[in-house]
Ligand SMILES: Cc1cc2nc3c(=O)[nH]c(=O)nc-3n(C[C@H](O)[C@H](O)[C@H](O)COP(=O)(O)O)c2cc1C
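A single chain comes next, written as structure tokens; it is the form predicted on its own.
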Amino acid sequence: MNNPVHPHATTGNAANAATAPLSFIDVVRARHCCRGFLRQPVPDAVIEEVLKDAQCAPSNCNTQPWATHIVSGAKVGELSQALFKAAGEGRYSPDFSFDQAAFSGRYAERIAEQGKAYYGALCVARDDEQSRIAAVALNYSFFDAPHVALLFMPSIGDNVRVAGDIGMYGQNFLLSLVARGLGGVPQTSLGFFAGTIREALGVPDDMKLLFGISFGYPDLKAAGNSFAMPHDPIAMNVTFHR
């Protein structure tokens, strides 16, 4: 497959990120889940600008309930080791439930389509259990990203409103990455180890982990970046009332 189009990420370095600004349409339509990164760290000043953009997200009653932890440098390796250890011991500690089997109809079809495309890009056969386990484990090394953003939130009520706010914050974060020639991938899988991550980072127990975003300069040669999922036409999701 051909690599997804990413207007700024031609070689994945800071020089190429300093090109002409992308339009909003370009940014939105260029965003995709990046699953392969260069080891080159993103300058602190750039990360701060991304965080400023994310901070502009709307929230219910302007509560701004996000508590973001950015992991970089040696701490990325330490956190990765902790995740591999927890996964190997089966120590899952999610703050929120997630069950792929609960999805049905077109929702389930989209899950299957994404899985087929991803494992196909990695050349992993459906019956190759060990290779599939190794593919899942790429989440625990953050797809070689030099940075990880962990999105924590306070637990309030049924958490739905707060989680919605975190989702909008995360989208701002992801779009800001694209606008700067960077890539990111939101990872629900990191949320399965909320307890492990809290312990590794010294985060209080009352802050709940919804998901993480691994980010950096895209490695356009990585197999995980050799495909892009299509989106259904809006008629599948939108009903007009006139």
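In this text the structure is predicted, and so the values were computed from the model without any measurement. Heads up: residue numbers just count along the shown sequence, starting at 1.
Separately, the form predicted in complex with the named molecule exists; it is not shown, and the next lines address it.
Picking from 121 to 129, 154 to 162, 79 to 87, 136 to 144 the stretch near the named molecule in the model of the complex, with a 4.5 Å limit on heavy atoms, gives 136 to 144. This chain appears without its partner; in the model of the complex, the one residue of A194, V178, I47, V185 with a heavy atom within 4.5 Å of the named molecule is V185. Proximity of H32, S189 and H231 to the named molecule in the model of the complex is complete: all three residues have a non-hydrogen atom within 4.5 angstroms. Although the partner is absent from this view, S104 stays clear of the named molecule in the model of the complex, with no non-hydrogen atom inside 4.5 angstroms. Using a 4.5 angstroms limit between non-hydrogen atoms, F211 touches the named molecule in the model of the complex.
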